[in-house]
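Only one chain is shown below, in structure tokens, and it's the form predicted on its own.
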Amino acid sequence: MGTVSKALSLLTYFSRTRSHIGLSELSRLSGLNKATVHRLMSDLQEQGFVEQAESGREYRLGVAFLRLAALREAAVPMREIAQTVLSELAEATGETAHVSLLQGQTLSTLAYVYSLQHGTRVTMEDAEVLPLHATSSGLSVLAFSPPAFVEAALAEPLEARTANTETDPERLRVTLAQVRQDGIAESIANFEDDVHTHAMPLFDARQVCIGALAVAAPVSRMDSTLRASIRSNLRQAAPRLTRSTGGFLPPSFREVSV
């Protein structure tokens, strides 16, 4: 491992739960001796990538990351990043993949990708706004939102979009508890009669839920094999999209290995 690689590897030990790290701790975590760690951290500090905390005994990330993060966001906005993940997800599942972002108490569709594997597919042109209570995307957002936001959303008049739409707040609370446990929300003909969807939440840098990544398929095509494929691919794609856009998974989100 070269000098640059060693220096950069030290930065990977910083996290939300470990925002300040002392020299001895960095040496222990990295397996490098203290003299080497001190030299590498001094180089990083000189370039603004780390700085010493008030005590002078610990390091934290420096202001250089703010500039680089701003440049990254300007060069590769969320829609472009989402489009890449959506394309891969649509190809892997053979179904429509879409991302929606929270705006007030509804979700607005940001981007979607159609699979070319089937002539019949779920279309998104008429689904620019998704209600929270009647879609898998909305349920995944509610499940990982603050209690006050959830209660305000459930206190609103809940429209029955189909005969299957759940509008009872108490039953919806039970559903949300199940979504929090599983990490994936599932909706069968709740928004449109012939659509079966799965969704997972997306989070920002503050670990706040900001939207959802979803896969939608015709009810007639959904079987155990397709359902397993969608769930498996979503479990990989949603956390990756959160991280790719600078977000962090909150402690309340249980990431399941696939």
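Note that the coordinates shown come from a computational prediction; the quantities given were computed from them, not determined experimentally. Residue numbers run from 1 along the displayed sequence. Rigid core (definition): largest C-alpha set, two forms, superposition within 1.5 Å.
Keep in mind that the form predicted in complex with the DNA is not shown, yet the notes after this line are about it.
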Is Ser15 close enough to the DNA in the predicted bound form to count, meaning some heavy atom within 4.5 Å? no
Are any of the heavy atoms in Ala35 no more than 4.5 Å from a heavy atom of the DNA in the predicted bound form? yes
Even though the DNA is not shown here, does Arg39 get within 4.5 Å of it in the predicted bound form, heavy atoms only? yes
Residue-level contact is defined here as any heavy atom of the residue lying within 4.5 Å of the DNA in the predicted bound form; does Pro251 satisfy this criterion? no
Verify the flagged residues Gly183, Thr225 and Arg231 against the DNA in the predicted bound form: is each one within 4.5 Å by a non-hydrogen atom? no
Choose one stretch from 22-30, 187-195, 62-70, 207-215: the one whose residues place a heavy atom within 4.5 angstroms of the DNA in the predicted bound form. 22-30
Under a superposition restricted to the rigid core, does Leu10 display a Cα displacement of 2 angstroms or more between the shown form and the other one? yes
My question is whether Gly246 is one of the residues whose C-alpha shifts by 2 Å or more between the shown form and the other one, given a fit on the rigid core. no
Tell me whether Ser224 is among the residues that move between the shown form and the other one (Cα shift of 2 angstroms or more, core superposed). no
